[in-house]
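Given as structure tokens, the chain that follows is alone and in the form predicted alone.
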Amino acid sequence: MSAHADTHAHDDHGHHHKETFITKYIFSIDHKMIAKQYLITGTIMGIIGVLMSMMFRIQIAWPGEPNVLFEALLGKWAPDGVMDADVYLALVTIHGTIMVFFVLTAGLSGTFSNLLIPLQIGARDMASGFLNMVSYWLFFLSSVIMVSSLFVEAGPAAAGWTIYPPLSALPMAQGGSGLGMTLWLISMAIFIASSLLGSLNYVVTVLNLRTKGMSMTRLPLTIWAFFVTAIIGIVSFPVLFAAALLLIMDRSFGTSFFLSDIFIQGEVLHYQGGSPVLFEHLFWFLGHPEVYIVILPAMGIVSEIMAANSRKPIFGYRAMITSILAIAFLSTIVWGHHMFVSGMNPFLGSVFTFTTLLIAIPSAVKAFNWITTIWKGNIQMNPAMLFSIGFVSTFITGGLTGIILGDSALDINVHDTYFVIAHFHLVMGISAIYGMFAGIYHWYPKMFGRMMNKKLGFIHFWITAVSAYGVFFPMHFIGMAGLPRRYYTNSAFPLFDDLANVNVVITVFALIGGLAQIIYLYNFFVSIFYGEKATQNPWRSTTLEWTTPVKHIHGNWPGEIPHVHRWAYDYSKPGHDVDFVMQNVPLKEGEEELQH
């Protein structure tokens, strides 16, 4: 299919000997450099997001108490070091936005799709290096705008990361509904443009630039995951773009898409005929596929790392592909489960319950296949493998509570409580972050030519894993006790006095877990310069990225692109001297190709 992909390989080399600092590190069109740019930008955004969560956790644990940190970071929003109620909402909003979109969508997909798609399918680069560069710089611009909204006088957006009207649609509703909200919308519009350009590039690259012999059923599961993730993004992100555009119209041009019968201090406003529920439909039609855009790349990364570190072929390769495709399809017909309490027809609620519970099946197939892959394997314990196992743990524990929230009758009791927060943070937040960490530890030698420190990796994993459960496990219980989310203090409700101690425990774990990331950041940045130099194939893996030289070159392979003769998971294959056979090694006489 793609034998012609090699034709221009040698034409490029002449033009790239005189790269300046700007063309190599800033406006680069090399997918490997763009992957690093995404990773480092995503890391910086992640630091901001985690700092915010630590601040509002301190506020929930010790409400109304003065804090030096607040005074230093929040200024006028924390008079005498006591956090203002409005800024609490703003922190929750921007934390959610940054973590979901800027860290787990762009940081995860942007980094690993860019790094691995060309290397694992045997391509010189992405289909369009220029579009790839534009995609990153739009992401960077949207990040700058989102962060700059924190410095607006009236405050950043404060309507929750789901920005439901009327708080988001009426500029006069609260401080953060003004310029802060406008900047949020502009930032997200640019972010969506970036995401769409990137996704189109990934899809075209996977379809058109595979090397000779690389059929779709020989692709590593990472590539299947990135490919399907890009397709979901192309289908669902435009819907959020439409919602943002209509919201801008309502805010600035007097339309009434999402507003009707609004009274402010007894005065009726001119808006008629709109519906905030329409916004919920548009938002969640992106919002639910979005959680799969976040989790699928992590699933692909974990599948690859588990096979390599169990020294066994991935169990159920074709079932894994089928479940990725099933998840992608089902993700577009379950959005109503976020809206069971919005006055939805109970029959429609039962339809969404059915489709939501259906999506548990492909998810369970994947979970069982990962467990079976490790079963009786020759397990290599390294930080990437530990984070992969952690991923399966949090994905299962977080997924189980999804069965409760997906059922309309049960969801009504715990909707908008901490139970929901516990569920989605475990199943997509922590799980996707574990997948990201696993990918970074595993492909770090490919990105930087050096190894990260293994002992620091272990310390990072164990503190993070214990803290993550320490934060989100107790939240299930305070949620079932009825504690609502997004309240900046519960001191006005004697009903919740008994839960105050639990909130302190959660906050202590959150602070420990947040500070533990300093170990990772130290390991990451110091290893770039002083880490142990990597060999060409440090994990003894089978996929094509480990056939490229350690030192990055433009075009990935110095000579011809290797041809592929087998699937991506020939680990511990009988009849071979070593416990892995790379994809570019021809089949021996009489050897059968495995295809599980």
Partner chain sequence: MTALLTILVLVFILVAIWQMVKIFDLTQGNSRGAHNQIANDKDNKYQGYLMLGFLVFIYAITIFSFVEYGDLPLLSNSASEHGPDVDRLMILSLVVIFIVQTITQFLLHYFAFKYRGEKGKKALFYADNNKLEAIWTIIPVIVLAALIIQGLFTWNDIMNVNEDEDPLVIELYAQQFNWTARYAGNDNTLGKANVRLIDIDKANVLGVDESDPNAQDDIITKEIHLPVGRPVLIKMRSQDVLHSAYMPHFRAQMNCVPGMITQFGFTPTLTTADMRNTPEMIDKVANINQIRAEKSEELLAKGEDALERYEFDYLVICNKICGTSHYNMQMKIIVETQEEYDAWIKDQKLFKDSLNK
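Just so you know, these numbers come straight off a predicted model, no measurement behind them. Positions refer to the first chain, counted from 1.
There is another form of the same protein, the form predicted together with the partner chain; it is not shown, and what comes next is about it.
Contact between Asp570 and the partner chain in the predicted complex is found at the 4.5 Å heavy atom cutoff. Interface residue remark: Ile553 is not counted as part of the site for the partner chain in the predicted complex, having no heavy atom within 4.5 Å. Within 4.5 Å of any heavy atom of the partner chain in the predicted complex lies no heavy atom of Ile26. At a distance threshold of 4.5 angstroms between non-hydrogen atoms, Asp261 is in contact with the partner chain in the predicted complex.
Although the partner is absent from the chain shown here, Gln174, Ala409 and Val502 each have a heavy atom within 4.5 Å of the partner chain in the predicted complex.
Listed residues Pro474, Gly449, Gly129, Gly96 were compared with the partner chain in the predicted complex; Pro474 is the one with a heavy atom within 4.5 Å.
A heavy atom within 4.5 Å of the partner chain in the predicted complex is found for exactly one of Thr332, Thr255, Asn453, Thr507: Asn453. The stretch in contact with the partner chain in the predicted complex, judged by heavy atoms within 4.5 Å, is 310 to 318, chosen from 224 to 232, 99 to 107, 310 to 318, 118 to 126.
Contact annotation for 321 to 347: residues with any non-hydrogen atom within 4.5 angstroms of the partner chain in the predicted complex are Phe340, Val341, Ser342, Gly343, Pro346, listed in sequence order.
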